[in-house]
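Just the one chain here, laid out as structure tokens, in the form predicted alone.
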Amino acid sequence: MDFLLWVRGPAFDVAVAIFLIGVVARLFEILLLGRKPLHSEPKGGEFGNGMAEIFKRSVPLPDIVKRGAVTLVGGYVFHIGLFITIFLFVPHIELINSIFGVRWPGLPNPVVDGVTVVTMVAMVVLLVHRLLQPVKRMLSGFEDYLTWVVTFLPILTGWIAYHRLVNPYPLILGIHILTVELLLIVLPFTKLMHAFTLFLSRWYNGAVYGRRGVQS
């Protein structure tokens, strides 16, 4: 219980502080870079084309599906499953409500449980695929495997805690919370930051293309 109280108290406060400071600092770093002045005559709008680019880049093209079906399907399954696990699991919703005072309907626990298993399988498949593909393996560095581990551990430990596969229960619950805090600390300083920059970069590219009248 002392360990659980520590991870739910001081450790959680430190992790959230590092996470918020890191995310804000990285976003300011990106925004302060500014954008090069565009001297060409505008040939189209920026906002609408930026939004269209976000949508288009989120829908896979047929040739991309053929060339990287495992990565594409596994990636979509993993990201959608992660979203459901985090934001549609009732205990997580209650936690968010206790902090921010907002709540929304969740999915039945057995549904989230099944999605969690599928998500873990998808992540393992993606990892094995990376290790078996010579080019991907060569391009992969320490950060790629680190981000995989810190993302996978909260899902795995949460699933173990939900099924109470480790006793005493406060121990595995504390470990689960600790892995979440590790993820929060690592996220702003690694490729996981794309959770905040993905749509921003897609919008920017679409806005620039639209202003130039270029079909992206």
Partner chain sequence: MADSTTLGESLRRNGVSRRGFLKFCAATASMMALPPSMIPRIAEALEKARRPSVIWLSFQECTGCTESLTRSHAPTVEGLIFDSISLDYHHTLQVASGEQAEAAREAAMHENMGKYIVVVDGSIPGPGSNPGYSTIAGISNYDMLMDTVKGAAAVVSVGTCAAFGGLPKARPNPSGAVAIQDVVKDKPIVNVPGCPPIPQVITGVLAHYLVFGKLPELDSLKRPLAFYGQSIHDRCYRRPFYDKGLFAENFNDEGARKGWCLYRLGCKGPMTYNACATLKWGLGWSWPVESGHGCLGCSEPDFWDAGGFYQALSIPTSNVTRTAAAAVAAGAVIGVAAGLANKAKKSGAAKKHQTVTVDQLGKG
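Keep in mind that this is a model prediction, so the values were computed, not measured. Residue numbers count along the first chain shown, from 1.
This protein has a second form, the form predicted together with its partner chain, left out of what is shown; the following refers to that one.
Contact check for V59: every heavy atom lies farther than 4.5 Å from its partner chain in the predicted bound form. Within 4.5 Å of any heavy atom of its partner chain in the predicted bound form lies no heavy atom of V135. Its partner chain in the predicted bound form comes within 4.5 Å of a heavy atom belonging to W104. Put simply, L198 is far from its partner chain in the predicted bound form: not one heavy atom of it is within 4.5 Å. For a residue to qualify, one of its non-hydrogen atoms must sit within 4.5 Å of its partner chain in the predicted bound form; none of D113, V117 and W203 qualifies. Here the chain stands alone, but in the predicted bound form its contact with its partner chain, taken as any heavy atom within 4.5 Å, falls in 92 to 100 among 92 to 100, 120 to 128, 73 to 81, 141 to 149. Along 138 to 175, a non-hydrogen atom within 4.5 Å of its partner chain in the predicted bound form is carried by Y162, R164, N167, P168, Y169, P170, L173, in order along the sequence.
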